[in-house]
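This document opens with one chain alone, in structure tokens, the form predicted on its own.
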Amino acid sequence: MKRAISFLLIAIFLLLAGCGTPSAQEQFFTMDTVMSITVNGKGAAEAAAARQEVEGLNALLSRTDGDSLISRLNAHAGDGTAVEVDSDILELLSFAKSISQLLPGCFDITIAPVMDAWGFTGEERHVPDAADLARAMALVDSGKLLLDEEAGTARLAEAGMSVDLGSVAKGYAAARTEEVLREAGVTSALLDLGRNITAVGPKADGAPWRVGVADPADSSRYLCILSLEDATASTSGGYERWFEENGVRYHHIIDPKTGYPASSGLQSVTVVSQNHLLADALSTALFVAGEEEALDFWRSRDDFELVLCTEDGRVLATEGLEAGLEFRGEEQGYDCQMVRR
């Protein structure tokens, strides 16, 4: 919670609009994090509607809310029931499955039983014993999340399976919220959805929004400052949620191949993309994948950019971010480098 508040304060101080421009800001807690929505210009009153959109999506997508759509899907795992879902949610589930296919073993929304085994769903976090972990791992397989686009249904093929959309929910919320704002005529807004920041247009003065990428060792400081306009920057890192047991630190980003917290040599991954969902999903998947595979994947595509922070003290930013990027990591002893194709 303290880290989330610290990250939010970074965004507020960096990103508020210039003086004299009408603006409104909503700050709230949902999806297990502190969020902030700032709207500039004549559509400033739409900030409250944007907040309601995010909160409504949380009620739909949260697996800890017994009345949510995802909870209903999970409750019917293995019993043959096909749960009706609207086309947008079906598309979201299909997208998540596609990331699992693009980066096999690095991303899987059916990881929920393993998250439960570690206690990351609640407050009692602990290292699971081998037998419990093996049982949970046997239930991880997004290939058994069966989607029927024609019928508009989804089902989980095996009893005990469970979907967790934490790795894509904020990206989906950002996309939907931006849509609500643009339909209302908003041309300048900032959506800080908890380490998932979307810039809608430029700031009120026409300049890009400036977004700080937090230092994993001290989230009140920055690795670098990014210039954003009509794009999302999503960050995942092992410093966000963790516990310590017998002198060993365990974080919440689970490697679907091992069932243990990912040990990829990375401290954090920030993905910048015009595709909100892609930014959110890839920040998790590429954290698990590690530096080499993440950069190889970046070189194979042209729809996102990266900032990687490695455990050995390097900050790697891909060339598409170079214009308007300001490195700050030298102040904390990081070696900052641009990565080119």
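Being a predicted model, the structure only gives us computed values, none of them experimental. Quick note: we count residues from 1 along the sequence shown, nothing fancier.
FYI, the form predicted in complex with adenosine-5'-diphosphate isn't displayed, but the following is about it.
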Site test, 305, 309 and 329 vs adenosine-5'-diphosphate in the predicted bound form, non-hydrogen atom cutoff 4.5 Å
no
Of 113, 201, 256, 212, which residue is found within 4.5 angstroms of adenosine-5'-diphosphate in the predicted bound form when only non-hydrogen atoms are counted?
256
With adenosine-5'-diphosphate left out of view, which of 273, 284, 36, 62 would have a heavy atom within 4.5 Å of it in the predicted bound form?
284
In the predicted bound form, which of 218-226, 128-136, 159-167, 74-82 comes within 4.5 Å of adenosine-5'-diphosphate (heavy atoms)?
159-167
Give a yes/no on whether residue 106 approaches adenosine-5'-diphosphate to within 4.5 Å in the predicted bound form, heavy atoms considered.
yes
Do residue 252 and adenosine-5'-diphosphate come within 4.5 Å of each other in the predicted bound form, heavy atoms counted?
yes
Should residue 97 be counted as a contact of adenosine-5'-diphosphate in the predicted bound form, where contact means heavy atoms within 4.5 Å?
no
Find out whether any non-hydrogen atom of residue 182 is located within 4.5 angstroms of adenosine-5'-diphosphate in the predicted bound form, and reply yes or no.
no
Which residues in 204-239 have a heavy atom within 4.5 Å of adenosine-5'-diphosphate in the predicted bound form?
235, 236
